[in-house]
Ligand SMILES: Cc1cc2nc3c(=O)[nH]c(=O)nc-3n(C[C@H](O)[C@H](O)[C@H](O)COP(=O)(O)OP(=O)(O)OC[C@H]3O[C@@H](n4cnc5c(N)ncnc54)[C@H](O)[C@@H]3O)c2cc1C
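Only one chain is included here, represented as structure tokens and corresponding to the form predicted on its own.
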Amino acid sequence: MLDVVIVGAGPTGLWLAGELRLGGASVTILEARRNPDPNSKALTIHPRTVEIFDCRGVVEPFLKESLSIPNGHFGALPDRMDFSALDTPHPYTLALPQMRTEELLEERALAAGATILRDRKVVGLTSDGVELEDRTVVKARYVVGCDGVNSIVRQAAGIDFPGTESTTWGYLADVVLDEPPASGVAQIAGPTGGVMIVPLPGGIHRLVGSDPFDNRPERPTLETLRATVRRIAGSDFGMRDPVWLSRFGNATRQAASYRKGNVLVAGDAAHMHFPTGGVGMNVGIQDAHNLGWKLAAVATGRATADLLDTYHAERHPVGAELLQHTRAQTALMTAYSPEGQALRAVLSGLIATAPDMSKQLAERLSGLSVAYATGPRVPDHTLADGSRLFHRLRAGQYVETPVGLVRPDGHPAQAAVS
């Protein structure tokens, strides 16, 4: 019998598998898709997630292959938040297609000894594991649902997923631009809608935004997208050869509990929201980072099962704040009326002229502000022997520092540490 079976081989499940193996637990990932999804829903890797990769020694390929962006936005306001004031060695976001992120995280999980089985559709839970579509059972002491917003694991466990349905929709497109913005990354918003343009590897650009004149769930066509972008930006930038066209809505939900007995949920299986700010994948990976060392310790008998209760206690409030912030940003992004545009102008001016406000928003967006009952995350200290804290955390163990004991996930082990 396995220690843990993970359902879903997205970024959350893959990071969790690597963490579990680091802690000595046996783990298999079951993925319904035969092949990885070539369409990259997530693009943005925020500073706290970059720190997490640094704390496990896998950050270099992400830094090498990504586009580094030294700022971020709140609700697509024109004045962007400068990340240079953040207390981190990684004061930037990285733009990298989710498909490549998954490839890198899969390499890490496999190298650590995890097993990944594709074309294995889970249809339910059993008393000792999960049942597959062909009625075989994969036995495990613990099951973790990392299987998205329509999570079979969450539904089979009877975990409620309350929230609200979509009332507005955004558009997403990966296309070739013959005349891309000279600035590289571009963001344009106004009463006719909004668009953000980000260059991707392979000569492709990601366009994402909202359009009050085409607010519907149906997937856009290249022609409707051209019309939308021309209206917003005054140009369609020579748009052609779409790789992917999609819609997304603002349905917002959160699992009532992240744990029910031996079943846990993480990532999109635990929370769904409008993807403004590009935070979803990041919070999922951070869920896995919090859960991984705890579940490994419990599964291998080094800790009692009540340690797993701290996963819900620590991460559910983070998910709730995520929903609050994405709802607030959605309201700003879709504030097309004259009053809404005035609100956007006032808040944008505050971000530009009030450093404390800008820094607080940047800390929340980046994930650096997350704190638990034990205290906030510990920055990358240089220790007495000259080593970096993040380097010492690569073993996935507690680290003794001059300010106290630091947990494997980079948070203090007692409230006295800050």
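All residue numbers are counted from 1 along the displayed sequence. What you see is a predicted model; the values in this text were computed from it and never measured.
Just so it is clear, the following notes concern the form predicted together with this ligand, a form of the same protein that is not shown.
Shown here without its partner, the chain carries Phe53, Leu389 and Gly410, none of which come within 4.5 Å of this ligand in the predicted complex through any heavy atom. Using a 4.5 angstroms limit between non-hydrogen atoms, Ala42 touches this ligand in the predicted complex. This ligand in the predicted complex is not approached by Ile351, whose heavy atoms all lie more than 4.5 angstroms from it.
Contact annotation: Val4 falls outside 4.5 Å of this ligand in the predicted complex, judged by heavy atom distances. At a distance threshold of 4.5 angstroms between non-hydrogen atoms, Glu363 is out of contact with this ligand in the predicted complex.
Between this ligand and the residues Gly148, Gly129, Gly75, Gly319, the one pair within 4.5 Å by heavy atoms in the predicted complex involves Gly148. Residues with any non-hydrogen atom within 4.5 angstroms of this ligand in the predicted complex fall in just one of 24 to 32, 54 to 62, 380 to 388, 366 to 374: 24 to 32. Along 111 to 137, residues Arg120, Lys121, Val122 each place a heavy atom within 4.5 Å of this ligand in the predicted complex.
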